[in-house]
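To begin, one chain is listed below as structure tokens, in the form predicted on its own.
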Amino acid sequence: MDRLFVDLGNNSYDICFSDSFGSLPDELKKINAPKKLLIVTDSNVKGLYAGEVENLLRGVGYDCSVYAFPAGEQNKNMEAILGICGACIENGLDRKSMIIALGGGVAGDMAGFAAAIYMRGIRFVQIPTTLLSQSDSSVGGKTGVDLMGSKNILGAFHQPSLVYINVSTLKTLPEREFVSGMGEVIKHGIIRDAEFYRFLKENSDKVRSLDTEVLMEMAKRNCGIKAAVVECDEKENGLRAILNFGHTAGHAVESALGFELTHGECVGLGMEAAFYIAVKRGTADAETLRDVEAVLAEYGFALKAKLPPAEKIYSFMQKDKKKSEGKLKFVLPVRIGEVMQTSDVSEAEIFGAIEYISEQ
């Protein structure tokens, strides 16, 4: 069992890396998990892993129940949160009980948010089963739901007590969802670690063939980047904002298309858009943009998309929760491994970037 310690003082926790669920009971014991647990998952993951995890935990004495909500980003709303909280009441969870978030980013975000508000806050554990959640959303304590077309506009910082990553779950992941997760993985290399970016370039065949050893290495290095940033800035008052690279345009595209594209696909487009702005400004070079696009294509990303009018995408950007004092915040690349933050990107630059990623 490999592990990574996320040092956040009283909110610290371990990220555990495995190729099975077998060590989960031991890890729960280490964090003094209570006997009363509620597994929160979605309708897709319920049939894949909820029964296995429930039986495993019941077998060692946990009082464990399962609640599943309908799968899909369109169900990431307050109604679903109330459903989770209702299940907590129906299953007798008290302030000492714990929620287990089992599934992708939507399950983790919603289970974490429910844990943050149920009885003014109870503990929860992240068991991410998708590449997107294993690489990004399960680490860092961000929870939330969408509202009126705006991504994660309601939420709370609520750190998990444990993140348990079983990379074998990636072998049941649809290819499109795997590609989506790679958007966040590639992003982490671009913003913080050129060596990790090279690792992804050089091992693309093994990653795409789901080689367990390479997946474990990728997971550990990727989470190490995310954890290091979170340790420096737990609640996104400065450095942590670099994790939003590709997200200002990406979230807007995702919302404007009514979530027809996956989050990671939109992050890929958003990274291209950010690179395009930086290249036009002369703060990044065109050769690096071409290299990033080649890596994205190697992992199955479409480099262009059929998008709605740029005005519609721009209007969704104006609802971005990262907007400050009326100005949009962009994270722009300098080189692989280094980015910068700015609030002076013009409307003309944004429209040019949207045109660049649009299918002609």
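A residue's number is simply how far along the shown sequence it sits, counting from 1. Since this is a predicted model, take the numbers as computed values, not measurements.
There is another form of the same protein, the form predicted together with ligand NAD; it is not shown, and what comes next is about it.
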- Item | Distance check, Gly183 to ligand NAD in the predicted complex, heavy atom within 4.5 Å | no
- Even though ligand NAD is not shown here, does Leu303 get within 4.5 Å of it in the predicted complex, heavy atoms only? no
- Message: Although the partner isn't part of this model, could you tell me whether Glu231 comes within 4.5 Å of ligand NAD in the predicted complex, counting any heavy atom of the residue?
- Response: no
- Message: Does any part of Val179 reach within 4.5 Å of ligand NAD in the predicted complex? Heavy atoms only, please.
- Response: no
- Please state whether every one of the three residues Glu27, Asn55 and Leu93 places a non-hydrogen atom within 4.5 angstroms of ligand NAD in the predicted complex. no
- Task: Work out which of the listed stretches, 276-284, 84-92, 104-112, 212-220, brings a heavy atom within 4.5 angstroms of ligand NAD in the predicted complex.
- Result: 104-112
- Item | Listed residue that, although ligand NAD is not shown, lies within 4.5 Å of it in the predicted complex (heavy atoms), from Leu48, Ile31, Ala310, Val334 | Leu48
- Only one of Ile165, Ala256, Leu132, Cys266 has a non-hydrogen atom within 4.5 angstroms of ligand NAD in the predicted complex; which is it? Leu132
- Item | Stretch 144-170 - residues with a heavy atom within 4.5 Å of ligand NAD in the predicted complex | Lys151, Asn152, Thr169
